[in-house]
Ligand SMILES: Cc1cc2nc3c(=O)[nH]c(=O)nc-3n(C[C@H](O)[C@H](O)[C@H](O)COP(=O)(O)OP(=O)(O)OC[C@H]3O[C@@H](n4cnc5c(N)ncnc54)[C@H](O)[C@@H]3O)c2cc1C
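So this first bit is one chain, no partners, the form predicted alone, shown in structure tokens.
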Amino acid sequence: MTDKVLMVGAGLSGAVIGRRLAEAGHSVTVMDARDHVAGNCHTRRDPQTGVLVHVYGPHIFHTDDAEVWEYVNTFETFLPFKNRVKTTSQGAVYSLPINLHTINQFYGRTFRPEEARAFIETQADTSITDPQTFEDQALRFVGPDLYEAFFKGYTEKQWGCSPTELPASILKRLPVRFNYDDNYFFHRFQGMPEGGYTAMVERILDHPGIDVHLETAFDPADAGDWDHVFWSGPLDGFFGYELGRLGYRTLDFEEFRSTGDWQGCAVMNYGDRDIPYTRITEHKHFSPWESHEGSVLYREFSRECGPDDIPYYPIRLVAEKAMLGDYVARAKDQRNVTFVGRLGTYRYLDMDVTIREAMDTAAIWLEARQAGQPAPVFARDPL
């Protein structure tokens, strides 16, 4: 049986699910309120310099999922790219994540790996046995000096609150290395799409069973017009924010231009609290196989997301989790809607996880349809 299916959002979730369902013979319509596909990983060529710009901030692909890596390479060639982040802190430049070079430079020492490990343990607050907050986690594992230099100010700017209000799980994603490995990620597959993410998503959506409508907003009240709707917009937005707005952070970008090489790296963080931006990104360094005389850079500012802003990542503090539970309960009352992606499930998801969940969601949906069973409301429970 052929279903008439709607994907709300032309980002990774909508594109991957739409493609899988179209290949299975279903009629798929994709709607997006913006004038481009690929969501927040949208890339475009700057007409003045030719630099491939990550319009909504840099997106670096990294994964251990071989199937996801094979999938994205089916639609775009991914070339090697290692994210080597630098940070300016207290008048000096260091490499991130914290590694042996960072430790030796910061303390003016020449530690070997085991010496550095033992030294950092003397700096750590070992009285913290069960870290509950971001600050607890940092003090327990690196101590106050490294915490103040590299995490505290940056985190306050990024999240708009004290690190004592954030869960320890946020910092657990950031490694500390006792060798000279300055590759920010540790995944087996890492790279950048040669022609950009937008070109990749356009190819995913290039199927005779898919009809794409850009600059087209969708009213959730019309969900009943479709056999099934996949919603990748904000979960609370589907319900008209009736219970209040879930907390998100948004980003502002201050673009500036230069000739030559302005900062010598793709990402320079700014850890000091008195510098208002969190980082500067120089976009030509995200395509190191290209050569451009001109350069396009963004100063990146993080702030609370307002009603007219683009939500980037969920805050998920206590108040948001309570409200989230109420919205999840409402979502589970829907009969022909599946909520997907970072916004639809109110979870921080990397691109590879987004694609994996989209592939799994499509498979589950197709199996349910074939068995005459109701489709899942969430592929992964947001709570």
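Note that the structure is predicted; figures quoted are calculated from it, not measured. Residue positions are given as counts along the sequence shown, with the first one as 1.
The protein also exists as the form predicted in complex with the ligand; that form is not presented, and the subsequent description refers to it.
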item: Site check 31, 341 and 354: each within 4.5 Å of the ligand in the predicted complex by heavy atom; value: yes
item: Exercise: residue 251 in contact with the ligand in the predicted complex, heavy atom 4.5 Å; value: yes
item: Residue contact check: residue 75 to the ligand in the predicted complex, 4.5 Å heavy atom; value: no
item: 4.5 Å heavy atom contact, residue 217 and the ligand in the predicted complex; value: yes
item: is_contact(residue 316, the ligand) in the predicted complex, heavy atom dist at most 4.5 Å; value: no
item: The unique member of 52, 337, 41, 68 whose heavy atoms fall within 4.5 Å of the ligand in the predicted complex; value: 41
item: Partner-facing stretch of 306 to 314, 113 to 121, 287 to 295, 256 to 264, counted where any non-hydrogen atom is within 4.5 angstroms of the ligand in the predicted complex; value: 306 to 314
item: Residues in 216 to 239 close to the ligand in the predicted complex, defined by a heavy atom within 4.5 Å, in order; value: 216, 217, 218, 231, 232, 233, 234
